[in-house]
Each structure stands twice: as C-alpha cells, then as structure tokens.
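Shown next as structure tokens: one chain only, the form predicted alone.
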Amino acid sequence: MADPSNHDAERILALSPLTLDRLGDIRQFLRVTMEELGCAGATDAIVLAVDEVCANLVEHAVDHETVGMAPGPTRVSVRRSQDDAIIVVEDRGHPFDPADAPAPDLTSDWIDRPIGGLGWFLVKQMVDEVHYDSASTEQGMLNRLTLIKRGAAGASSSGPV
C-alpha cells in the first residue's frame, strides 16, 4: 500500500478480467487515491472520465462473440505531478485511438440524435489532455491511455476546466 502522505507515489489497481461489475471498484480506488494525493476537488471529473473509458473497454475491447471473454488484464494507475493528476489506463484489447472517435451530434434535436456516441466527448470535457499509444509486446498488444487533469491539487470544483 502506498504511503498516503507521499503524493508522488503511483497508486495502481489491476483488474483481470475487467467487467462492468468491477467499475465500482475502480470508482472507489479513484476516490480514495485522489483524496490521498490531495486532489479531492477533481475526483468527480476523474471518476466520470475513467468510468467511461473502462466501460468502453468492457463493451468494445474484445470481440465477445469470438473471444467469449471479458477484457483483461486492465491496469489503472494514478499519480500526481506537481499540481496535476495523471491517470493511465492500460489494457490488452483491440487498439482504439480516441482521436478516431466520431464527433458527437450536438446540434440536432435530441430526439433525432443516435443513442450513444457521447463517451469520448465527455472524457475530453472532464480532463485537460488525452494521450493514446499502443505497442506490441511479448504478451500481445498493450494499449495505454493517459488522462491529465491540470491543477487537480487544490481544485475546489471537479467540473470541466
């Protein structure tokens, strides 16, 4: 267990497999960790962003019909760098760069809009930076999504900046 007074230490939660039932574990990990890092004011934004990312992994990271299993292992790490919170989500599912996600329809009447498609929009509203990379490793593909919340330390509100 990380020393709660050490704000520079990385906190890690590893899940295998990642299922929708485990999203509550991730939320709890983030709430405790953000408090320990002195970033409690940014907790709600981080929880919403990471929850959306991990729900997308469960839904889209593996082909459930052919693979027949949940994605895993998945690793969520959180650390603080000066006043910023840095959250990294790593998985071994299908590579997907959020930059490739289609822009949501925010102009049509809500009843005419397709269901879904707002997830990455919400993630990008909740954090200041989103970086994605993937690499082939001896254990298969490794996808890494990095979310950065600037000024998370001492933030009084967890809403979008």
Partner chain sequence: MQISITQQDHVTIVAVTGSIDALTADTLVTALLDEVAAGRTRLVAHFGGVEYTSSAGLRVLLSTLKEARQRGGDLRISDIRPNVRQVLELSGFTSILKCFADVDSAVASFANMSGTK
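Keep in mind that this is a model prediction, so the values were computed, not measured. Numbering follows the first chain given and starts at 1.
Separately, the form predicted together with the partner chain exists; it is not shown, and the next lines address it.
- Shown alone, this chain has one stretch from 88-96, 34-42, 51-59, 132-140 that lies within 4.5 Å of the partner chain in the predicted bound form by heavy atoms: 51-59.
- A residue is said to contact a partner when one of its heavy atoms sits within 4.5 Å of a partner heavy atom; residue 126 meets this definition for the partner chain in the predicted bound form.
- With a 4.5 Å cutoff on heavy atoms, residue 14 does not count as touching the partner chain in the predicted bound form; it lies far away.
- The closest heavy atom approach of residue 121 to the partner chain in the predicted bound form falls within 4.5 Å.
- When contacts are judged by a 4.5 Å heavy atom cut-off, residue 23 counts as touching the partner chain in the predicted bound form.
- Contacts between 104-128 and the partner chain, taken as any heavy atom within 4.5 Å in the predicted bound form, involve 106, 108, 109, 110, 111, 112, 113, 114, 115, 116, 118, 119, 121, 122, 125, 126.
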